[in-house]
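As structure tokens, one chain now follows by itself in the form predicted on its own.
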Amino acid sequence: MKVKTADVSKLYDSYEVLKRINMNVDDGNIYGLLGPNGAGKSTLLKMLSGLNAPSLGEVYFNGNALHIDDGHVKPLIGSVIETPVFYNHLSAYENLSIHLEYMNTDHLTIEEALTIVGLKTAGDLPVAKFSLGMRQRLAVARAFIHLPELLVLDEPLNGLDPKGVKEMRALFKKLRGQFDMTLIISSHILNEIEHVADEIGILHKGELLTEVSMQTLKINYPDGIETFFFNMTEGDG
């Protein structure tokens, strides 16, 4: 799915959280959205997920304007935004089953999704017994089990140990390659985004400062993504 925003702004009362965002995500790419805390990343991701509407401007999917009340849009998007919420007294399997009933579309089997995120043996456990990392894996499984065209993930590596981070990194590439999903990933772990992203955008104080391909960034900033990020956000870009 190709994603574009045209002069998207978001205001709460008189405070402008996002300012005329013009974002372009190519079909089948992994796009890393980077920015300091308070930059507006979660607000932007909510609009790209159809959970919130812009105050001004438009979001486009494959050239068509997104309207959050359009029923046909819901199955096209999977998302993990902020802290995932589950029915804690129910099992992982039951939580995914409820989600699939709600989405009412083609999907992977629950067993397939749990296996992909490394929870194959935990499907019958109540989510109340899950660690933070396990909950994060389950949230990602819920986001992609219905095979969306666009997957929006806000800090999906939270709570994962190094092994889990490596596995999740491989999962992102698999979802893009095997299932032809476009991914937009926000993370404060800059070097992990460097490993998976085709392109990055830097959001700072509600403004999209730049979009650049990882190929171009590596040529111009051989020291890596951290140098580029701090140069941009500290005013030296």
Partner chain sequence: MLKLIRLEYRKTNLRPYTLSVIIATILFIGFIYLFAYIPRIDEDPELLMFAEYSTVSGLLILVSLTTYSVLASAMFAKMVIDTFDANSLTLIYSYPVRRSAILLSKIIAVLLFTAAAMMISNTVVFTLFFLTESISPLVNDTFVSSVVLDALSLTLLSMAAMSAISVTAMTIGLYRQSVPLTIISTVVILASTNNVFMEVLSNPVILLVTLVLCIVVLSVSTLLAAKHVRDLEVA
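The shown structure was predicted, so the numbers you read here are calculated from the model rather than taken from an experiment. Numbering follows the first chain given and starts at 1.
Beyond the structure shown, there is the form predicted together with the partner chain, which is absent from this document and is the topic of what follows.
Enquirer: Pick from 50-58, 181-189, 167-175, 206-214: which stretch has non-hydrogen atoms within 4.5 Å of the partner chain in the predicted bound form?
Expert: Residues of 50-58 come within 4.5 Å of the partner.
Enquirer: With the partner left out of view, is H107 within 4.5 angstroms of the partner chain in the predicted bound form by any non-hydrogen atom?
Expert: It does not: once the partner chain is placed as it appears in the predicted bound form, H107 has no heavy atom within 4.5 Å of it.
Enquirer: Indicate whether the partner chain has at least one heavy atom within 4.5 Å of a heavy atom of L150 in the predicted bound form.
Expert: L150: no, not in contact with the partner chain in the predicted bound form.
Enquirer: Test of understanding: in the predicted bound form, would G133 fall inside 4.5 Å of the partner chain by heavy atoms?
Expert: No, G133 sits far enough from the partner chain in the predicted bound form that none of its heavy atoms falls within 4.5 Å.
Enquirer: Give a yes or no for V85: in the predicted bound form, does one of its heavy atoms lie within 4.5 Å of a heavy atom belonging to the partner chain?
Expert: Answer yes; at least one heavy atom of V85 falls within 4.5 Å of the partner chain in the predicted bound form.
Enquirer: Check each of K163, K120, H89, K129 and return the one that places a heavy atom within 4.5 angstroms of the partner chain in the predicted bound form.
Expert: By the 4.5 Å criterion, the partner-contacting residue is H89.
Enquirer: For the partner chain, considered in the predicted bound form: do all three of K46, I68 and G71 come within 4.5 Å of it, counting heavy atoms only?
Expert: Contact check passed for all of K46, I68 and G71.
Enquirer: Can you name the residues of 90-112 that have a non-hydrogen atom within 4.5 angstroms of the partner chain in the predicted bound form?
Expert: L90, E94, S97, I98, H99, E101, Y102, M103, N104 sit within 4.5 Å of the partner.
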